[in-house]
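Coming up is one lone chain in C-alpha cells, specifically the form predicted alone.
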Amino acid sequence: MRILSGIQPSGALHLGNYFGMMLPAIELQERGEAFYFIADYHSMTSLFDPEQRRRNTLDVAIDFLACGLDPAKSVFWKQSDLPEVTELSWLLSTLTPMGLLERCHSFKDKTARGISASHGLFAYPVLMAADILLFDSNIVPVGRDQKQHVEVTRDIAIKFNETYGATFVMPEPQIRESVAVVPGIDGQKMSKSYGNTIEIFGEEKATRKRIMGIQMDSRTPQEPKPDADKNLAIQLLKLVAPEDVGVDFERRLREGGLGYGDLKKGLFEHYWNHFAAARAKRAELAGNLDYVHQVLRDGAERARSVATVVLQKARRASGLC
C-alpha cells in the first residue's frame, strides 16, 4: 500500500494541520510506503513573497520532522524538486473537463474570501491530481474539505485510462471522521485564511492569551450545560488531552460547577504538554539545518525514482515517446 499526502507552506502550522493531516500521515508510516511532500507549487496561488515561501518551506520541514515524521520510514521531499509533477499536470489538463473544475468548491471558497482568481487557483485540482497519480498512490489521507479533490483525481485518472489505456492507479481518500474538521477559536474550521488558528509551536504567552480569549456564552459556572459536547474549548481539549481527561471535563461542564476560565486554563495546559516532546525535538532540528536539508534532498531523489517511471508510462501511453 502506497500512501501519499502533501502540506502547503503557506504559514505557521496549526492544530488543524496536525490532527487533520500530519498525525494521520505519521501513523500511516507504519502501514505502508509513505510518500509526503511540501506543496510549495500549490502555495503560489496565495502566497507571493518568495522569501516567506522559503522560510515557510523550511519551517514545515522542521515541524513535520519534530512531530514524528521519520525519514527512515517515509519519503519526504519538496514538491518543486520534482519537475515531473508539472509535466504530468499538463498531460492531465488536456483531458480534464472544464465543468469538472467549475464544480470544485475550493476555488469558489477562496475567491469568495478575496483571493485573486487565477489559472493556477482554478487548475489547482489538476496539479493535485498529478501529485497523487505520479506515485501510483493507493491511499490519500486528507481533511474532509479535500475529499472532493481526490474524487476529481479519480475522475481525471479514469478519463486518461479510458483514452490512452490503463496507466494510473485509482487512489482512495482516507478521512479520520473524528477530527476531519478541527474547529478554530471562532468556531469555524481552523484555517490560516480565517485567522482563527492555534499554532502547533506557538509562543507560550501569546498562545495562552489566544486560548483564554476564546469566547463563551454568558451562563454562570453553576449552571448545567447540557450541550457541553458542543463547547468549543471541550472539542479542542478532547484533541490534546488523554481521553479520560476530556470526558471528565465535559462531564463537569455538563453537570455545572466548572467555570469557563478553568476550562480554558485546562485546555492550554494540555495543549502545551501535548507538544512538549515535539518542541524539544524542533529546537534540536532548528540547530541542525544541514540535516533537514539533507532529508529533503534524499527524499526528492527517492521520490523521483518512482515519478520518472510513472511519467514515462504516461508519456508512452499518450504517444509522446
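Since this is a predicted model, take the numbers as computed values, not measurements. So that there is no doubt, residue numbering starts at 1 and follows the sequence shown.
Another form exists, predicted together with a small molecule; not displayed. Remarks below refer to it.
Only one of Y124, W77, F249, F168 comes within 4.5 Å of the small molecule in the predicted bound form through a heavy atom, and that residue is Y124. Proximity to the small molecule in the predicted bound form, defined as a heavy atom within 4.5 Å, holds among V142, L92, L236, I198 only for V142. Although the partner is absent here, F64 lies well away from the small molecule in the predicted bound form, with no heavy atom inside 4.5 Å. In the predicted bound form, the small molecule lies within 4.5 Å of some heavy atom of L4. Interface residue remark: F37 is counted as part of the site for the small molecule in the predicted bound form, having a heavy atom within 4.5 Å. In the predicted bound form, I132 approaches the small molecule with a heavy atom inside 4.5 Å.
Segments offered: 66-74, 39-47, 274-282, 251-259. Contacting the small molecule in the predicted bound form at heavy atom distances within 4.5 Å is 39-47.
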